[in-house]
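The chain below stands alone and is given as structure tokens, in the form predicted alone.
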Amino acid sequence: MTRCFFMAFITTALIGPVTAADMAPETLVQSVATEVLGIIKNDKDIQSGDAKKVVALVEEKILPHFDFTRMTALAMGLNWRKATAEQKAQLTDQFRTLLVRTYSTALTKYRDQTIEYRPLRAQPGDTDVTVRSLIMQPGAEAITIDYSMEKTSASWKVYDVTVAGISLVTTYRDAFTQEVRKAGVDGLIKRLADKNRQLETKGG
């Protein structure tokens, strides 16, 4: 299911920060599809798994539009309050790195998916909305993708992704809660760091 989250999300990743500030959330998601999918389709290095190039694409086009601090806090749940400022910074950094590695792997798997978008259900002035889309896959069942987005002073930011009714934040919260219960906040940080090293070695 984790790979499904990232494979589905990567096909509707977010556009670069220069134009994002002036875009409505649904326009932001739709606009980037053309750009990112075009890059993937035309870049043989990415399709063949060039790790450095894939990570660079993820860093440039996707990550600036995530609120990783809020995502990490939501994934930690009540345990966020138990963490010190230093631990919170480490957790956010390790969580961000984990998503970079996973997104990068998923990006190389894209082939012929297409996207349909649902009308945005929001009122003028809303600062928290859900952008809904449907990923069509040849020979496979379509996947529903919902992006929870918040309007910040700079632009819209993603703070959760829900695939087929399953929230990314909720999925990680269950795992994080178990790890904190077993080994404390420092144990969770170590677990994430170990996982990231494993992914880096595998990607390399």
Partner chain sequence: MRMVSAADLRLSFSRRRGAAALAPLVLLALLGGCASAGPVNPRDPLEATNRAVFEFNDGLDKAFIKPVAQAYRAVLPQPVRTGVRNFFGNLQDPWIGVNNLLQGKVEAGLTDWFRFATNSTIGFGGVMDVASGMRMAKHNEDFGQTLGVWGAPPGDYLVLPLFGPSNVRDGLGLIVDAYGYGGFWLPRLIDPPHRVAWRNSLSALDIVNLRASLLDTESIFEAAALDRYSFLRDAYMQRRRNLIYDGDPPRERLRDEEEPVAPTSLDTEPSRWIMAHPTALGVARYSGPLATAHAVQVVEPTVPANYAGVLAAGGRAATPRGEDNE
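Residue numbers count along the first chain shown, from 1. If you're wondering where the values come from, they're calculated on a predicted model, not measured in any experiment.
Not on display, but discussed next: the form predicted together with its partner chain.
Ile166 belongs to the set of residues with a heavy atom inside 4.5 Å of its partner chain in the predicted bound form.
In the predicted bound form, Leu78 approaches its partner chain with a heavy atom inside 4.5 Å. At a distance threshold of 4.5 angstroms between non-hydrogen atoms, Leu192 is in contact with its partner chain in the predicted bound form. Under a 4.5 angstroms non-hydrogen atom cutoff, its partner chain in the predicted bound form lacks Gln87 among its neighbouring residues. The contact residue chosen from Gln47, Ser155, Thr177, Ser31 relative to its partner chain in the predicted bound form is Thr177, the criterion being a non-hydrogen atom within 4.5 angstroms. Taking the partner from elsewhere, no residue among Ile62, Lys151 and Val185 has a non-hydrogen atom within 4.5 angstroms of its partner chain in the predicted bound form. Heavy atoms closer than or equal to 4.5 Å to its partner chain in the predicted bound form belong, across 142 to 175, to the residues Thr144, Tyr159, Asp160, Ala164, Gly165, Ile166, Ser167, Thr170, Thr171, Tyr172, Arg173, Asp174, Ala175, ordered by sequence position.
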